[in-house]
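Have a look below at one chain only, the form predicted alone, in structure tokens format.
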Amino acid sequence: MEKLTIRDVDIKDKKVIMRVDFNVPIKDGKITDDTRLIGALPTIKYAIEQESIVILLSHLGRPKGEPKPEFSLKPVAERLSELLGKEVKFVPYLYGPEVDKAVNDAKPGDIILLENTRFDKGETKNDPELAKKWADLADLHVNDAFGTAHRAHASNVGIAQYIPSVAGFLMEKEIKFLSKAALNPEKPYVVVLGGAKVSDKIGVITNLLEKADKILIGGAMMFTFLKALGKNIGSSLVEEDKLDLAKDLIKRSEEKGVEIVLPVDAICAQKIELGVEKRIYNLDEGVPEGWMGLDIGPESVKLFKEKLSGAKTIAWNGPMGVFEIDDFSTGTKEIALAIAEETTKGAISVVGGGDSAAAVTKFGIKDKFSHVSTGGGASLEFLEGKELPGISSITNKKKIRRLILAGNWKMNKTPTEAIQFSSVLLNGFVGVKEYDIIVAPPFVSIPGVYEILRDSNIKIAAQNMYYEDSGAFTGEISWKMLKEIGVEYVILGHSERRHIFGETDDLINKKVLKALEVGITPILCVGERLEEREEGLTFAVVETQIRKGVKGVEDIEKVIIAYEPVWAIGTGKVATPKQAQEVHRFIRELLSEMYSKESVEKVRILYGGSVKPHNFFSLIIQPDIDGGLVGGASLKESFLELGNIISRVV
């Protein structure tokens, strides 16, 4: 799924905490390769141009949870200041008074770099307390560190549990190009794999057998395949325990119609050293004992180039030989140049990070490919088809279900005031088609509001309804009365009806069933009180209300659920995005036990409880929150602001 990016959200005058990858080589206190810093510049520059306060997080090396001077990010702050032409304030702490002061004193456009995230053991353990400390510093989390996307750490995944997380430009590019290679490649699709071990690439080969047309195998891993085929490989590196697996992969490739191409010759030596004697051996004839293959040979280069010709998508991960030594770098360089040439002809070429990226950098041709990944392990796992936690935690751009913005006016606004405000909403929501808008005025105001809104995209809800058609029920309203004045939805089981007026689950269930029977869509409200949450009874309370509330309901997708934590209604308190999503997910999983998964995926679950423009975005982007049932904020023009926020995610 597409992910929200930093350009999709309003970050002007906001505090942005940004996870970047500044894991750069440092010698004698100086950075020897600033490529990763340069890669992060576009996102940082965009944020400061939007007058955001930028708080940067990164790891460096493996300090194993302890502060170590040699792994400090201070040199990074100095070099980054030079690259930006602007001071980057370095704070030698991860949290605490010094960090709070630096953030509070910062002005729009300022940049702060905190100390190495791995100086705290909680980073790699994805400690929620550490993540919350960082989340509390900012309004928004920007993840621009693809190199750590395959790790669930506090600075990339943990923070996203508390504040919205979006992709930076570097992360966006990684997802875009790797998706083209791993998910929906244009055919013909050729994959080039190298490196030392078959075991490192098992998942990739297995996944790509479902997608690739050809898989070209070089590097030391080729000798495991060659030995599995009965070839003599001399003293070449081989994984003896993977011979059966190699045979199986070859067999499966034949069954799938995927061509596995192995080298036909190799450049060999007796030592892995510069300047030693080299010989080229035909691999059908075999490699003598004492000699080891260290690069693919010229005939193999020719063969691989033929197989690459005409490809529309090419993915490359792993060198063809020991490219770090010039004597054994020819195969890797020639294949890199061949892929670059196909790119000029229109092919999409994606180079995995790690050694592959290092190779094209060494050869000075990094800019000849569609994309060179910044993450070795992350790109490998992406090609394997694995779900990367650092990407999963970024907010999806499109919602699965159609969103709802519903306003419950409660006992507010006279009929005259309601008509006046309806005109404001009519003008404010004109032309909106991407989501549903519902307002629930008091009963006496519904006719006037309906006359204003009847031909618009704004629908009318009632705040309650009795389950009998008519009769001696003083003070109650029937469905017939509601339908005649334009009501299409009805709010049932609201916490105020439950706790002030004593409505039971059984009574609410009768109302739900009647609404469905007569074609009015029920909005069933559920939620726990503060003492119930504090006693750990949230899920038990919600489960009881759901099970009893929808008892006898056959078409669950015709019911809208609204989760409203009672302790948050009208109090100014609001559930954190993590708390709200947790309950919404629980509701969906509970319904899946009661109904078909297909039906439940269509059920829309709203959040209600002190929804305001400043907190709505972080709630609405959660995967199982499909809109808001809004109280106080629906009585003002802030209701229009909530609509603008929804527009960003539909």
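Numbers follow the displayed sequence, beginning with 1. Because the structure is a prediction, the values reported are computed rather than measured.
One more form of this protein, predicted together with ligand 13P, exists but is not displayed; see below.
A.B. asks: Any chance 410, 568 and 611 all have a heavy atom within 4.5 Å of ligand 13P in the predicted bound form?
C.D. replies: Yes, all three are in contact.
A.B. asks: Is there a heavy atom of residue 141 no more than 4.5 Å from a heavy atom of ligand 13P in the predicted bound form?
C.D. replies: Because no heavy atom of residue 141 falls inside 4.5 Å of ligand 13P in the predicted bound form, the answer is no.
A.B. asks: Hey, in the predicted bound form, is residue 436 touching ligand 13P, heavy atoms inside 4.5 Å?
C.D. replies: Residue 436: no contact with ligand 13P in the predicted bound form.
A.B. asks: Can you tell me if residue 17 lies within 4.5 angstroms of ligand 13P in the predicted bound form, counting non-hydrogen atoms only?
C.D. replies: Answer no; every heavy atom of residue 17 is more than 4.5 Å from ligand 13P in the predicted bound form.
A.B. asks: So in the predicted bound form, is ligand 13P close enough to residue 564 to count as touching (4.5 Å, heavy atoms)?
C.D. replies: Residue 564 belongs to the contact set for ligand 13P.
A.B. asks: Which is the contacting stretch out of 603-611, 588-596, 59-67, 45-53, given heavy atoms within 4.5 Å of ligand 13P in the predicted bound form?
C.D. replies: Checking each option against the 4.5 Å cut-off leaves 603-611.
A.B. asks: Judged by heavy atom distances of 4.5 Å or less, which residues of 612-637 approach ligand 13P in the predicted bound form?
C.D. replies: The stretch touches the partner through 629, 630, 631, 632.
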